[in-house]
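Below you will find one chain, with nothing else, as structure tokens; this is the form predicted alone, and questions on how it binds or moves follow later.
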Amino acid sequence: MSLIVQKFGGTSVADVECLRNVAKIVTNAKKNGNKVVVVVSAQGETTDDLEKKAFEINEKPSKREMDVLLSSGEQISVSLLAMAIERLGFSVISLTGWQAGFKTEPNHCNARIKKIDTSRLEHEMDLNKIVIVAGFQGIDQFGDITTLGRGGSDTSAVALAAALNADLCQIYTDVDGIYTADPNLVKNAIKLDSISFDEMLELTTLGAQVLHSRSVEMAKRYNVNLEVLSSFENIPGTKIKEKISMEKLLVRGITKDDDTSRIALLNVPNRPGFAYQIFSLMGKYDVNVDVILQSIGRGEAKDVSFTVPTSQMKLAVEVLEKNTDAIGTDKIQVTDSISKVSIVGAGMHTNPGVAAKMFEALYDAEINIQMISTSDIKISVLIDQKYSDRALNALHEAFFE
């Protein structure tokens, strides 16, 4: 008998028809002789609607109360799905994150899982029940509800699969797998049979929204057998694993991130420690810094540019403006109409010419590159945001057609 963890996103449980479809998928897995644990997200746009209601009442609600509010969306989903499964004649129980044993750090709205007490889950499975768990949530040492951040249900599912030593973790969504690019933006995008953990982690951190990056990181750490597949089509999905079969694809995926802003600090004093002063401030306020570029300098000064999520740009600038004496300059420039476009592939570092091919494709598409960042398995460029879709298609044509 195998143990399967199945996760269903908001679109998969959006209405009654979707819930009944999910109930059939779950019960079919049970009919095949498996133990089944299900993780569910809030229905459709429920989380967005709850956030909107909160901000109508209070422009700056506390994170604790936001967690109490937002966690209710998943609780609605698990109870409705349990009812749909009961209707099919199966024994089932729904559990909140804290009932399922999720213990987290006391960091509201973006908590990390510390451990999972699986005793309740194992007890219910021993009673031959299908167990449905509210994703995205847990409880801290003070007994307060916490949430794991947007996309946190993916992380809940992978964490459960690791804690229960599950044979398979299936992430059901509204797409049928991982593609070489967003099929909504690139019409000839190719579905991948498999992709490595490292490649998938790069794609998720660079803008691909199929999976939550923390879920991929956890799956790699605990070697969880992970698969992404469609809840609407009964076809094989994409398997994510440590090692994949050798293929001719040097590049596995192309993605973009429009949530990117560039901050430039001009005439920063050329002295030891200035970079530490800047980026320790960003770290202190939990600002996520990505691409960093430092100029050669002019005499005793240098220019430093770096990117942050647009959602954190205002905070980053406020912090820098309050600390101009420490960083040595008050000349701060901000550009928020840019995109980060990236190619990812584990075969890139052993094959020369990939960067040249990327830059040639962008040149042919008449797209100017503003900054470049590289690693062993990815190359990212910053470009004008209005050209991001054109860049995706140009790069896909260069590497896959």
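Residue numbers here begin at 1 and follow the sequence given. Not measured: the values here are computed from a predicted model.
Below: the form predicted together with a small molecule, not depicted.
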property: The single option of Arg150, Arg221, Arg271, Lys187 touching the small molecule in the predicted bound form, heavy atom within 4.5 Å; result: Arg150
property: Partner proximity in the predicted bound form: Glu202 to the small molecule, non-hydrogen atom cutoff 4.5 Å; result: no
property: Ala42: touches the small molecule in the predicted bound form, heavy atom cutoff 4.5 angstroms; result: yes
property: Interface membership of Phe136, the small molecule in the predicted bound form, 4.5 Å heavy atom rule; result: yes
property: Thr47, heavy atom within 4.5 angstroms of the small molecule in the predicted bound form; result: yes
property: Among 82-90, 152-160, 107-115, 312-320, the region lying within 4.5 Å of the small molecule in the predicted bound form by heavy atom distance; result: 152-160
